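Listed next as structure tokens is one chain, alone, in the form predicted alone.
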């Protein structure tokens, strides 16, 4: 299970202030906390700085990678900002995200096809947001076909079925879970990923909801999540569910995480 640390995003006030001031120490502290908590990728997003993103996204890449030895998830729909960020990135980044929306697809395909990277393929077409599992699977399948035809390897593609809040429509949870299972079954080798906290938007006790949804998604075949790795209860649940699904040989990862003190004190 791949964890992408979500916290370096300028939609968060403290991060926007730090990026605006180019406060490297503050950004690096957030990056280290996520890596220490178990994130394998660190998400970086400077999207609220529309006019400065081309400069600030590569600054974030260099700043974060000075502090942590991990690849980054470059979160932007802007091809020029992505090109600048990829030019200074160490290793292969995860690009978030391409979709079937024509303008976005046409702009981003050359970026992801011509540079060593992994990519998030968002189940969004030109029409409205998907509502059913079948709609998500159909869009995901078309994206997989297009990306592989452009030369991308199956194992470099992570399909995002678009988690939408259950506060808006309680059918969204089952639809996403069925889409994850359907994509995993039809396309062995392709990853699935989601923005975990979207499920709980607008509701109280969001961390509780996120934790249980992660367990359900894992059981349906989810292979990566964009989430908060510093939520110790979430990470405790992840380790326990992963073990109980038979994905942790000899329970070694569970025991190792426990001995490192990564679990919630309530675990």
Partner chain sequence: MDFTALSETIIKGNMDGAVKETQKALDAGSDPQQILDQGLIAAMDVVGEKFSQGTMFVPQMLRSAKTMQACVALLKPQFQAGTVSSKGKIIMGTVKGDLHDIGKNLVAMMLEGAGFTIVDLGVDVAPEAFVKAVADEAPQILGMSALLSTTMPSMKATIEALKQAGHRDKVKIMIGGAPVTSQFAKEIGADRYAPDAGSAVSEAKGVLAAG
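Positions refer to the first chain, counted from 1. Everything numeric here is computed off the predicted structure, so don't read it as measured data.
Another form, the form predicted together with its partner chain, is not on view; read the next lines as being about it.
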| property | result |
| --- | --- |
| Proximity to its partner chain in the predicted bound form (heavy atom, within 4.5 Å), stretch among 198-206, 212-220, 228-236, 54-62 | 198-206 |
| Proximity to its partner chain in the predicted bound form, single hit among 88, 113, 153, 127 (heavy atom within 4.5 Å) | 127 |
| Contact residue in the predicted bound form, chosen from 173, 71, 182, 77 - any heavy atom within 4.5 Å of its partner chain | 77 |
| In the predicted bound form, residue 135 touching its partner chain (heavy atom, 4.5 Å) | no |
| is_contact(residue 167, its partner chain) in the predicted bound form, heavy atom dist at most 4.5 Å | yes |
| Distance check, residue 50 to its partner chain in the predicted bound form, heavy atom within 4.5 Å | yes |
| Touches its partner chain in the predicted bound form: residue 101 (any heavy atom, 4.5 Å) | yes |
